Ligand SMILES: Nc1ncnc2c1ncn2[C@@H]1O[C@H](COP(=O)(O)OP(=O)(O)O)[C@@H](O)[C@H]1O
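In the form predicted on its own, a lone chain appears below as structure tokens.
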């Protein structure tokens, strides 16, 4: 259900969302700042703080109330649910916005799995198809596909991992091999595992009346040599979801399916003429509120549990829960 408007108003006020972390947190270890996460490495452990920052087209746009709590809790839900399919890096969750994890060596490839011909960015499979391309990341695409149509089988379309501020690049596996980013044997092993994981995610989403449209997986090698899932899994930041109810009607009318993720934010940016280059338009309070409610609704739909936001000032709560006083 939508968040209490009064709670949202308070969260929209200065200090109500978590954007950056002050110098106290450097005591947690060596810091690395991603687009959304602040990472602190110490020995064989990593502390990950999920901020409320939101990004699209690989650009940080601002903050969304309670977004970090939704992502962290939903990732925890999926890591636990899918552990038998593929193990994850989570050790414990000491705060609604923080996860303590195994320190892994990241594999420099994002494993993107697509089940439908869709997307709004210039690099999406739909935009490529509309430009007349009939091969995407090494996969042949048939003529006559409609926007948002289900593909005959899910496709693995890997992506390079861009540095912060740069854009990821979708490529074929042969390009990855040529660049030395991953060897064929490891890629084959990961392909089999992530395709199984995607099928598992689609089946679980279907139980909740949702379609898991596409997603990306990030993987790393643990100190004991195991390859495990890192970062997040099946959250609205890494995945696209549609309501199952109404999908066929939307397709019959030639309309986009009703989405429950941040795709509406990408479409809003496109309507403003922003595709990832230059300064993004500022997020209005209305857009931030709409995004917050969508994140919460997806959490509740997928988990079957009500979302109960922790409304304490995030910096102070995190500092206390992480032992910084």
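Positions refer to the first chain, counted from 1. Bear in mind that the values here come from a model prediction, so they are computed numbers and not experimental data.
Unshown form predicted together with the ligand; subsequent notes refer to it.
Taking a 4.5 Å heavy atom cutoff to the ligand in the predicted bound form, the contact residue among 35, 31, 267, 258 is 35. 103 is the sole member of 191, 103, 149, 204 with a non-hydrogen atom within 4.5 Å of the ligand in the predicted bound form. By the 4.5 Å heavy atom rule, the three marked residues 48, 161 and 230 all count as contacting the ligand in the predicted bound form. Listed stretches are 69-77, 94-102, 126-134, 113-121; the contact stretch with the ligand in the predicted bound form is 94-102, by a heavy atom cutoff of 4.5 Å. The closest non-hydrogen atom of residue 89 lies within 4.5 Å of the ligand in the predicted bound form.
The shortest heavy atom separation between residue 293 and the ligand in the predicted bound form exceeds 4.5 Å.
In this stretch, 207-226, the one residue having a heavy atom within 4.5 Å of the ligand in the predicted bound form is 218; the partner itself is omitted from this view.
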